[in-house]
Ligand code: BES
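First, one chain by itself in structure tokens, the form predicted on its own.
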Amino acid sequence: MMIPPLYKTTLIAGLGLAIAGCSGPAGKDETMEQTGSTAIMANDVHSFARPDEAVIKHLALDLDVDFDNKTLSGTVTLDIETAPGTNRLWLDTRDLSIEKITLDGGKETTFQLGDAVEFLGQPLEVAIGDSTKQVAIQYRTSPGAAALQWLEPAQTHGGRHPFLFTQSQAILARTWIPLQDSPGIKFTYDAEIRCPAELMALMSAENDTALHADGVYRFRMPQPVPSYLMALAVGNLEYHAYSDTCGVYAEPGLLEASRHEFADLPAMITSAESLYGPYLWGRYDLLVLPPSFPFGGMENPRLTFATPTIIAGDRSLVALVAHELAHSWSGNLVTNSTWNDFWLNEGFTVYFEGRIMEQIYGKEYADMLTVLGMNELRGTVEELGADNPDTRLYLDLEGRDPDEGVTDIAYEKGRFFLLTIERAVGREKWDAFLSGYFSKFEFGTMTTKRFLGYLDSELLSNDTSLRESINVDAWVYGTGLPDNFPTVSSTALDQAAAAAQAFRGGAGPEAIDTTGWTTHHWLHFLRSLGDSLDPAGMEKLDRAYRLTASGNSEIQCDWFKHCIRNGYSPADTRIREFLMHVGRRKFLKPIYSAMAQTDEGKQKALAIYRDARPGYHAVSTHTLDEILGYQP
């Protein structure tokens, strides 16, 4: 599907609108210039906004949360900045009911919703004057809004109260707020949210930590953020503070386990700041969501959303917290201008995450995580095909839902590209470069081409031989993995792989020493067993290590894939329970995909999916419907 080319995104800086976009080399992003406070422009094929005409600078929400009708209703007021002669404001919407729009505090104006485009929604065209400063939109969300998940009490940990959470990334903010839904447009915001008095409301903003008896919560986000970082959660929540600047929210029954699991959060913040400069967002808190949350975590500023599946009891999965914290620099502070530049968020963040984990837990621990990531990356490239354009860092997602077009290429290939640069120039110079990068472009946006230009001028000193030795173009614009892909090894994981080989060679579990194994050892062991195990071997493993009964979601997922491939029926009940309870797409996709490899397995999968689907977020169901050929 072709998206009309007139829809563009511009990052606005200073007092005026700078319009300067021209085509770059074929297959690369637009040429961009920035001097002082002038703007950066990049085409965003996933937004109807025309920010070169009028752009949002501040957003104010005034909303009622209606659990009975599963809707949000109220008003959003947009402070805008316009170019001379502008008489239209273009916004992104999807499945919203627009009731009335007024300008500058009272005068009603005309508006029009354009034709719907698959996954993009509808453009909202608002008539404005060339001196209009504010646009107030009265609206209501639909019960099926893709960003919103309304949970019944039975779907929560406590089982007594309903729960609501949002997931705006990549382009779902438009399903609960009419706005300019592009990562290249940043704005400040405030909000007033009214909800049932027994529930607490939280946002990606300044939050209170105590329940309000009247159910009215007010929020302020003084730093500019893109739309995908707009976030709201409403539920029965309590708070534990680790310090004056960080803590964790969770349902009461999960708070103690959450408090224990994330106790290293203050140390992570200290580590991150020592690496790449001060944390600029005020507080950093975690919110543990119900298990239907489709991702491991979401880096909403000031309030990371996290899945309960990382609560393993031994803090072995907290690299995810380090990852979301690192986004406070790479992604939230300096943001990809378009979803084609997504690796600038995630590749930097995975690299940064590894550095935090190394500082806190040691190099050997960090190396285990890096090797696991390396193996997952190689698996993804093999699955997609080394010539697949989706194995490039800089992507072409035009006509595609960006949420579906992005794989772990952005994360892991991005990380290894940065690791290659670090090894070429030395860690000291690389760290100084990154600190300067985050500082220079803080609260701004970045495209791939601009970053590479900055890299050349500030770090590589336009040294052609150094750039060629790093193989920059092959990493960013080439498919597959470059010839100079760095090698990383882990003695601990080598031992786990040797144990798997010994088991396949006939050694019994009693001959394998698993003393001190972490989640990472177990994952590498399971992944080193190969795809085919006989029933007797499966039974031996399960009896020795109680893998089917494991409470660790990462281990469960990898074990269940073995169970499905090898027809190990004793795990069937636990697989169903897992799929009914967990909504994290990372686990659902491979398990359902494994089941769908045979006709009989696909029928089993569909039977479970029909029951489980109402508890999954739209982000997950969009993927799983396609895998299973399910028609809602």
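Every value quoted in this text rests on a predicted model; they were computed, and no experiment measured them. Throughout, we count residues from 1 along the sequence that is shown.
One more form of this protein should be noted, the form predicted together with the named molecule, which is absent from this view; the next part is about it.
For the marked spot (Gln167, Met298 and Val406), a heavy atom within 4.5 Å of the named molecule in the predicted bound form is present in each of the three residues.
Heavy atoms within 4.5 Å of the named molecule in the predicted bound form map, among the stretches 158-166, 323-331, 208-216, 545-553, onto 323-331 alone.
Although the partner is absent here, Arg50 sits far enough away that none of its heavy atoms falls within 4.5 Å of the named molecule in the predicted bound form. Taking the partner from elsewhere, Phe438 is found to have every heavy atom lying beyond 4.5 Å of the named molecule in the predicted bound form. In the predicted bound form, at least one heavy atom of Phe342 sits within 4.5 Å of the named molecule.
In the predicted bound form, the named molecule lies within 4.5 Å of some heavy atom of Glu346. Just one of Tyr411, Tyr249, Tyr276, Phe503 comes within 4.5 Å of the named molecule in the predicted bound form, counting any heavy atom, and that one is Tyr411.
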